[in-house]
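Starting off, we have a lone chain in the form predicted on its own, written out as C-alpha cells.
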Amino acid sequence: MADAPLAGIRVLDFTWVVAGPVATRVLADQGAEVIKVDRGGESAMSVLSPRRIGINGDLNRNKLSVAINMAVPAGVELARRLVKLSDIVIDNFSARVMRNWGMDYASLAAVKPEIICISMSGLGHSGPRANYVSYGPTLHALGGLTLMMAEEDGAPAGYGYSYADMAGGYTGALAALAALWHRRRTGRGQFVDLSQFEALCAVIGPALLDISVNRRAQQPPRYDSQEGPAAPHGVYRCRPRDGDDDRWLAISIRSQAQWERFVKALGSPPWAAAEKFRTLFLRMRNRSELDARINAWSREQSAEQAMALLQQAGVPSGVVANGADLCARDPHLAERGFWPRLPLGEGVTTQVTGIPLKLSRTPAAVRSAAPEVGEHDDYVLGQLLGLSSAERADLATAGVIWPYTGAKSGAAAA
C-alpha cells in the first residue's frame, strides 16, 4: 500500500499477548511492514488455526511472521541483522528481557543509531517495581479500576476484558508516531519507556481529579449515575431473543419531563401515579420498588422494540449490546464496513474488526489475515537478509529458526 500513511516504515515486532500486538496492529493497518518475531511450534498449520481466527487473528492481521529462536546466540544475531533494516523495534516484555538478549536500546543504537526502540513494559524501566511482570488485570487492581467497577453489593468486579491492554496498545502506537516524527525532523532515533500502568492511570477519569483536588478517597460508583441524580437509572432485563435470555435495556431518567414522557410511553400504568414516584427525589428514595416495577414491564418487551418506543418518546435508553448485536445486527457498523471478511484458504473466511479512522487521502486497509508462525521466513530471511535456501536449512537443523511447512496465505510479503 504505497499510499498508506506509514508505507515504507518497517517494524520489528517482539510483542505478545494483547497490549503490544494492539500497538503493532495499528501501525500495520496504516501501512507499516510489521515483522512479528515468533517462537515456532506454537500453531497447527490449518486454515482454522487459533492463530488466524478469533482474537489472535484480529490482533495479527496485516503482519508478517518469522520464527527465530531468541534463546540461542545465533538467533539473537539474526534479529540484530533485522534491526539494521528496521525503523522501530518494539516489545512489551518486562524491563529486563530485551536487555538480557543484548537487544536493549543502547546495544541496538550501536547497530543502527537512528533506530527507535519502544519498550511497553508493565510499569516502566525505573522505580521500585520496574522488574515486575504484569498483565492487564494486575494493572487494573494496581490502578484501582477493579474496585471502581463494583457489583451492586459493592464487591470488586473489574472489567470482563483487559481495558489496560487497549490503553497501553493505543498509547504504544501513538508513541511510535511521535518518535517517527521526531526522527523525521532530526534524523535521530530514541528510546521510548512506556509504562502501561501509567497509560491506564491517565484514562481513569474524574476519580483522578477528585483525588488530586479534593484529596477524597474513592468509593465504587456501582450503578449510580455519575452525570447527576437519576431514577430510574440502570439496566432492565428484557424478553429472550432467539434463545438468548441475557437481553437488557439501559434507561436513565434525570428530569421530570423525561419521567412524564416515560410514563406516557408505558401507557400511564396506575403504579406510576403513586405519590412515592411523584418527584425525582422520591423516585431515588424508592428506587428498589421503582426498579421492580420497570423490570416487570421490561421482561415482557423486546429490548430493541422497547428502545425504539422510549427513544421515540424522548427518553434516554438503549439496548445493552452483546457480540451478536455488534457483529450481525448493528446497522451503523455494517454501513461503515467495520467487520471486514478475510479469506483463509479452502473457501474459509474470518471476520476482524475494522479500522475506526478513515483518512480521505491516505486510507488504511485490512489487507491480509494473520499469518501462521514463521509463514514469511522465506521473505524475511531470504529476501531481506539474503540467506540462501541451504543456509536457511542449516539454521533450521541447528535450531536457530523454525521452518514453515504450511500453505501460504497469500499475504503480501513486500
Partner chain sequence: MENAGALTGLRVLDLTGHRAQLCGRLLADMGADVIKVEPPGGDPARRIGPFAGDLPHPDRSLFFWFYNLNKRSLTLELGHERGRELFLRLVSSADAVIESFAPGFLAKQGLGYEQLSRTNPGVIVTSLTPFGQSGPYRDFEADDTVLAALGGMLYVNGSPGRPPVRPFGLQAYHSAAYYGAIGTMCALMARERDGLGQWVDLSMQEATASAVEHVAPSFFGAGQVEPRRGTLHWSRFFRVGKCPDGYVLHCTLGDWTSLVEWVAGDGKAQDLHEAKWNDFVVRRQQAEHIFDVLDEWVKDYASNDLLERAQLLRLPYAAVRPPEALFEDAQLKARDFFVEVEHPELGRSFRYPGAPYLFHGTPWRVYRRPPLVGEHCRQVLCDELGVGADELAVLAGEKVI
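Numbering follows the first chain given and starts at 1. Since this is a predicted model, take the numbers as computed values, not measurements. Here the rigid core means the biggest group of C-alpha atoms that line up within 1.5 Å when the two forms are laid on top of each other.
The discussion below concerns the form predicted together with the partner chain, not included here.
- Put simply, of I115, M307, C238, L78 only one has a heavy atom within 4.5 Å of the partner chain in the model of the complex, and it is M307.
- Residue in contact with the partner chain in the model of the complex (any heavy atom within 4.5 Å), chosen from L342, L108, A179, I294: A179.
- Within this chain, R285 is remote from the site of the partner chain in the model of the complex, having no heavy atom within 4.5 Å.
- The partner chain is not drawn, but in the model of the complex it has no heavy atom within 4.5 Å of G386.
- Residue contact check for N69: none of its heavy atoms lie within 4.5 Å of the partner chain in the model of the complex.
- Although the partner is absent here, S86 is not a contact residue: none of its heavy atoms lies within 4.5 angstroms of the partner chain in the model of the complex.
- Proximity to the partner chain in the model of the complex, taken as heavy atoms within 4.5 Å, picks out 347-355 from the listed stretches 378-386, 347-355, 32-40, 365-373.
- In sequence order, M307, Q311, G314, V315, P316, S317, G318, V319, V320, A321, N322, G323, A324 are the residues of 294-324 having a heavy atom within 4.5 Å of the partner chain in the model of the complex; the partner itself is omitted from this view.
- Core-superposed comparison between the shown form and the other one: the Cα of G189 travels less than 2 Å.
- For Y236, the Cα coordinates differ by 2 angstroms or more between the shown form and the other one after the core has been superposed.
- After superposition on the rigid core, the Cα of N100 moves by less than 2 Å between the shown form and the other one.
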